[in-house]
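Here's a solo chain for you in structure tokens, the form predicted on its own.
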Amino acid sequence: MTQEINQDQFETEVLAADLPVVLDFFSTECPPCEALAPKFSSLEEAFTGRVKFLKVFRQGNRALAEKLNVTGSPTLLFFRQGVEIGGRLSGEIKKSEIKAALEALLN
């Protein structure tokens, strides 16, 4: 199961992470978030040991969402060595889009 972090854990879990990180900002009662969850979980299994998968509850971490300019849910951000890289994904996200972004993150 994907680890959920809060804004206080962001620096250690994301910015100081040894592995590349994909960060999922989600909301409750959000159909696109619910649709994303099983895709996120299956890709987490496929990329175990190569990419760290984390979730952040957007409404509970408004300061972090604002700092990162995350305005909707779900929004996926990709980090390598503490720097956001690549394009963000948001809204109705396809599994193939996430997989392509993860592969780019690893190259």
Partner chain sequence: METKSYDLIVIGAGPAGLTAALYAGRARLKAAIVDENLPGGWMKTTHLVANYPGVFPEIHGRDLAKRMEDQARHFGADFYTAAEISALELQGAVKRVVLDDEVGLEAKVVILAMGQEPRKLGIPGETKFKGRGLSYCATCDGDFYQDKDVVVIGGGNSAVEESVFLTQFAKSVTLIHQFDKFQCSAIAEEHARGHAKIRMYLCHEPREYIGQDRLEGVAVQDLNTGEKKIIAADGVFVYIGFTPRTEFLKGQVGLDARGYIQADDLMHTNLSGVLAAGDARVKVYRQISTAVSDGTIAALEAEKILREVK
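Quick caveat, the model's predicted, so the values are computed rather than measured. Numbering follows the first chain given and starts at 1.
There is also a form predicted together with its partner chain; it is not shown, and the following applies to it.
- Of the heavy atoms in residue 63, none are within 4.5 Å of its partner chain in the model of the complex.
- Within this chain, residue 45 is remote from the site of its partner chain in the model of the complex, having no heavy atom within 4.5 Å.
- Although the partner is absent from this view, residue 58 contacts its partner chain in the model of the complex, with a non-hydrogen atom inside 4.5 angstroms.
- Using a 4.5 angstroms limit between non-hydrogen atoms, residue 71 touches its partner chain in the model of the complex.
- The putative spot formed by 50, 52 and 103 is not touched by its partner chain in the model of the complex; no residue has a non-hydrogen atom within 4.5 angstroms of it.
- Heavy atoms closer than or equal to 4.5 Å to its partner chain in the model of the complex belong, across 1-39, to the residues 27, 28, 29, 30, 31, 32, 34, 35, 38, 39, ordered by sequence position.
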